[in-house]
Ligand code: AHG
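The chain that follows stands alone, in the form predicted alone, written as C-alpha cells.
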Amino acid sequence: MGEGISDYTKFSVDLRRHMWLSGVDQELRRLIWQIAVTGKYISAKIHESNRKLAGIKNIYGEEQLALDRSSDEILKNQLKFSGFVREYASEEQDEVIQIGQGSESYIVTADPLDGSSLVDTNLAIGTIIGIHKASVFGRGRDSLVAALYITYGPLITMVYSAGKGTHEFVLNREGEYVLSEENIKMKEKGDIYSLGGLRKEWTEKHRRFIEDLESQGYKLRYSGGFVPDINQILIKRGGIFTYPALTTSPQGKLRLLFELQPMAFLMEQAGGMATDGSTPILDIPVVKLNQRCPIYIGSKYEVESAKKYLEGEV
C-alpha cells in the first residue's frame, strides 16, 4: 500500500478494499473476506448461547461446549461452499476433512472458538484461522499464505495478514470490517507478560526467565484466553505471551497447527518473534494434528531473552 492510508481516511477503508490495495491474490481476498463474514455468524451464536455444556468431550478429552461444536459447523459449512477450500482441519475434528472437489487452492485450519470456557464469565474469546497452500503437515513457513484471528469482546475485531504486514479491522455498526490499525509494528521491548501453566510446574530455567521480567517491572496481563492475550500484546506493540514446557507436560498445552502457527505468522509479520524457546514456531514440522508445543511469542527482546535462559546462556 505504499506509504499507507492516512489517519484521516483509514476508517473509510473496508477489508475488501484494503486487501485489493495491498495486492492480495483475488481468490485469497475472497476467502479471507468470507471467513471474516463467518465470524459475524459465530458472534451471533455466542450471543444467543445459554452457556450449557454439550455433555460430551472433544477428541483431546476436554469438556466441549455446545458453542464449540456450533462454531465448528458454521465454519465448515461456510467454507464448504466457498469454492476456494479443498480441505478443512479443526481442533474439533480428528482428521483433515475434504470439503471441496479436490482442485481448490487452499486448506484451512481452525480453532473455531478459542477460550470457549470463558463464555460463562463474559470474557473475550476468539477464532483462529490458518490458510495453507500445501499440506498442513510439515513446516508452517512452507505452507501458510495467510492467517487471522477474530476477537469477540466489547468490539468485534479481526487481525489478518496475507504476508504483507499485520492489520486490524473493527466491525462497525453497519456490519462492515473497517481499518483500525495498518501495518502493526512491534516495539523491540515491551512491559507486559502473559503466563500460562502453574508456577509449581515450571522448569527452573523458565522460572529464572520470569523472575528476570518481574525484576524489570513487567506487568502481568493474563485472561486465560490465547486470542485476547495475543491481541493485547499486538495492539500494545510489545510484551510476551508464554505457555512453556512444564514438568508435567513437556510439550506444553497449545497446539502447533491450530493455534501457534497462525499466531506466529501474524507476529512475525508485525516484526515480532515466536519460538518454542529455541526454534521458530514456523520452522517446527507438524507431524500430527494434535501436536502440542511450548510457546514464547511477542517482541524480540523478551523472546530472545527467554532463549538465552532456556539454552543455559544466563
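Predicted model only: the values in this text are computed from it and were never measured. Numbers for residues come from their place in the sequence shown, where the first is 1.
Quick note: we don't show the form predicted in complex with the ligand, though the next part is all about it.
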(message) Heavy atoms within 4.5 Å of the ligand in the predicted bound form: which stretch in 212-220, 106-114, 81-89, 146-154 meets that?
(response) 106-114
(request) Using heavy atoms only and a 4.5 Å cut-off, determine which of Leu28, Ile284, Leu254, Ala36 is in contact with the ligand in the predicted bound form. (result) Leu254
(request) With the ligand left out of view, choose which of Gly165, Gly225, Gly100, Gly238 has a non-hydrogen atom within 4.5 angstroms of it in the predicted bound form. (result) Gly225
(message) Can you tell me if Trp202 lies within 4.5 angstroms of the ligand in the predicted bound form, counting non-hydrogen atoms only?
(response) no
(request) Although the ligand is absent from this view, report whether Tyr243 comes within 4.5 Å of it in the predicted bound form, heavy atoms only. (result) yes
